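Shown next as structure tokens: one chain only, the form predicted on its own.
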Amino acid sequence: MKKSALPDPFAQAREAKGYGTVEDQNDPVTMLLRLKDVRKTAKDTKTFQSGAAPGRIVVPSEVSIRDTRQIPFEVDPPMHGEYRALLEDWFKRPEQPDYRESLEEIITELVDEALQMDSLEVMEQFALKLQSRALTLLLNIPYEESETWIGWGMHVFRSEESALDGDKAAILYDYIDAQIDKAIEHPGDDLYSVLLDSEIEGRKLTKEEVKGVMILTFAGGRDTVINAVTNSIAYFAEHPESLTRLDNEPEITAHAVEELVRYFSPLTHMGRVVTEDTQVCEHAAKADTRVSLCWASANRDASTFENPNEIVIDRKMNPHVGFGFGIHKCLGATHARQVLRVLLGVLAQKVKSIDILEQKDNIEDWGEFQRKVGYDSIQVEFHRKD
């Protein structure tokens, strides 16, 4: 098996019964594994709630480390639609030509640096920098602010000892509080200021609501983008023919991005809270229990995807759920797609090959399932095209 491969640990359970279980801080989760069940459940926002206690729909639960509701992620209809309508135009900005040009400058600089180094550790020296610097574009704030976020290290919510670290999370929350206060004192054209000046239901957003949007923007797009970037580089290291093909056929780049997201599924799953006794996968689900929509399993469902455990770089029919599904589909998906499209274009243009020198896999433990989600570290060497 290639070093870049992400095996599917859910296959047997998905085919046999359609679900699995995982214990989570005395609040167990039933994991839904089939694509059809994941989609059906994601659409039923009345029975399967997002607006539970703040942090509860995240797996592992973040109830113990925050009481701020992430918006619109942890809000149900009809208010979800109100918040979403307020935010969508801002989060579509990555489609603008000047946004793409700025992103290309950021990524080109990083690739050029990598080509000049004997080797580099991709997670910290490339993916973290890319994610942080690209985020300044999404927030419309000075590029230099990315150095603060890079300084936080790879993870905001967890440490070496714990999947949830309240002290580390407080760094993000305190930072956001300070930035909101700064925007109140000196309004600008950044996302903080725009939110503070926005109205919903005839009133201005509260500081707590602004904080909820900003926590989601920071936390939701951090590890996911880092994993997607790192896994993509590992893939191209072992499949240089795909990089060559992207250079020769740039028109397939959008297909390639969707396929990489499907295969790598940077976020394993996301929870919902059951509002009434019901059934999922012919399995009883009691009110006030949790289920999770397992994107990673659904994206390997052989009933929908031909050769699901292979990356088909120009896959045409690709109804993946790597960015979620239904009304809660990832608000930052346009930004993430643009990051990957530009990255693939720059790599195809400048890089001949990549060697993996050493790696340490990141294995998530979901009870009966152990899933490789990416890497804790991966050392590579970039080689420039002649």
Partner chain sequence: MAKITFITSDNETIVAEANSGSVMELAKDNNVNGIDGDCGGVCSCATCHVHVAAGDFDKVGAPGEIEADMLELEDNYNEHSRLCCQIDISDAIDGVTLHVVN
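Residue numbers count along the first chain shown, from 1. Source: prediction; values computed, not measured.
As for the form predicted in complex with the partner chain, it is not shown, yet the points below apply to it.
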Q: Using a 4.5 Å heavy atom cut-off, indicate which stretch of 62-70, 24-32, 352-360, 39-47 touches the partner chain in the predicted complex.
A: 39-47
Q. Which one of His335, Arg341, Arg56, His328 is close to the partner chain in the predicted complex, taking close to mean a heavy atom within 4.5 Å?
A. Arg341
Q) Can you pick the one in Arg315, Arg300, Arg222, Lys129 that has a heavy atom within 4.5 Å of the partner chain in the predicted complex? A) Arg315
Q.
Taking the partner chain in the predicted complex, would Lys92, Thr304 and His320 all count as contacting it (heavy atom within 4.5 Å)?
A. yes
Q. Heavy atoms within 4.5 Å of the partner chain in the predicted complex: does His255 have any?
A. yes
Q) If you look in the predicted complex, which residues in 1-22 sit within 4.5 Å of the partner chain (heavy atoms)? A) none
